[in-house]
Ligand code: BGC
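Shown next as structure tokens: one chain only, the form predicted on its own.
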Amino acid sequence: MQFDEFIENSVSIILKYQESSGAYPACPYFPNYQYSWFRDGSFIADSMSRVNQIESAEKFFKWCSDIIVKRKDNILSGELLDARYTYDGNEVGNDWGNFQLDGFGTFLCALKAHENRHNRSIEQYREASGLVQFYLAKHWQEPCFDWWEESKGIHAATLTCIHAGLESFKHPDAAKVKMAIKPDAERTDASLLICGILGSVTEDEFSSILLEIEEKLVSKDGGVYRYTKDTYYGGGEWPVLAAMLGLYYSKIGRTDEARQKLDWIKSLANNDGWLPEQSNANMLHPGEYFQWIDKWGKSANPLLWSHAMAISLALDI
């Protein structure tokens, strides 16, 4: 299978920074992101699976599985898992918003998609996938942090990931989770794009949400913001979200617009080919930018999740 230079570069960046343990760093050079999240990593593993980097994807699945199986007794006794871990699979141990459920749903999705795509046995992950299903079925109704680790509650994007994960393994509770997904009840947040991409709502049901995202969260250059009050590093445009909008456009046949999103993402690559977490060209709240620079330094670059979503969009197109 032949890939263009952009995809090949993104694949090489992900491979370069994947840890020997299998963990994908969120960002190898940004101190607060020098960990591996189940959410980011599962999207990355899925993109690597899609470009036939089977060993890379399976190293990550094993990293996840080892974390889960090691905590079997904790899971069965009702304890909560963290969303991110050190590269060697240990808890980070600070007050970060660590109770998130979406990543465990995306792990199940990526694992099952990998099995179907490559006709690979996932028997070695059976115990872990069973424990994750048990964990999600037990805790899906509990308030947890959103994708951005800022707001605690019941979130449509999180429920969508849980539903998709349980459904991929034909878990009986998948239908209950789907019934609870109500994106209209939330603020306009671009993470809601996952509801359309994974099909937890129909195209007709999603049309009003899509329109709101397009009207409120798409910049003049075509980038996509998280939400209108976002002040993190000034509230810039996120390549991950532009790719997700492009993926949804591709899904509903708006291919030209999907290509425009990919072109915008490509335009952000620096001389090393790195894609950042966000662009600061059209910030929503530029007055907030330098306080983050003073606090944490320059924003994350490269963000491996950005590269992964760009790969997936390029392949879809």
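A residue's number is simply how far along the shown sequence it sits, counting from 1. Bear in mind that the values here come from a model prediction, so they are computed numbers and not experimental data.
Not pictured, yet referred to below: the form predicted together with this ligand.
**Q** In the model of the complex, is there a heavy atom of this ligand that lies within 4.5 Å of any heavy atom of I14, even though the partner is absent here?
**A** I14 lies outside the contact set for this ligand.
**Q** Is E58 near this ligand? Define near as a heavy atom within 4.5 Å, in the model of the complex.
**A** E58 lies outside the contact set for this ligand.
**Q** Tell me, yes or no, whether L303 is in contact with this ligand in the model of the complex, where a contact means a heavy atom of each within 4.5 Å.
**A** Contact with this ligand, yes.
**Q** Heavy atoms within 4.5 Å of this ligand in the model of the complex: does E149 have any?
**A** Yes, E149 sits close enough to this ligand in the model of the complex that at least one of its heavy atoms falls within 4.5 Å.
**Q** Judged by heavy atoms and a 4.5 Å cut-off, are W37, Y232 and W238 together in contact with this ligand in the model of the complex?
**A** Each of the three qualifies.
**Q** Just give me the single entry in Y33, Y289, Y249, W264 that has a non-hydrogen atom within 4.5 angstroms of this ligand in the model of the complex.
**A** Of the candidates Y33, Y289, Y249, W264, Y33 is the one lying within 4.5 Å of this ligand in the model of the complex.
**Q** Please pick, from M48, I68, A26, A258, the one residue with any non-hydrogen atom lying within 4.5 angstroms of this ligand in the model of the complex.
**A** That would be A26.
**Q** Given that the partner is absent here, state which listed stretch (58 to 66, 280 to 288, 265 to 273, 37 to 45) has heavy atoms within 4.5 Å of this ligand in the model of the complex.
**A** Flagged stretch: 37 to 45.
**Q** Pull the contact list for 198 to 226: residues with a heavy atom within 4.5 Å of this ligand in the model of the complex, in sequence order.
**A** Heavy-atom contacts to this ligand in the model of the complex: only R226.
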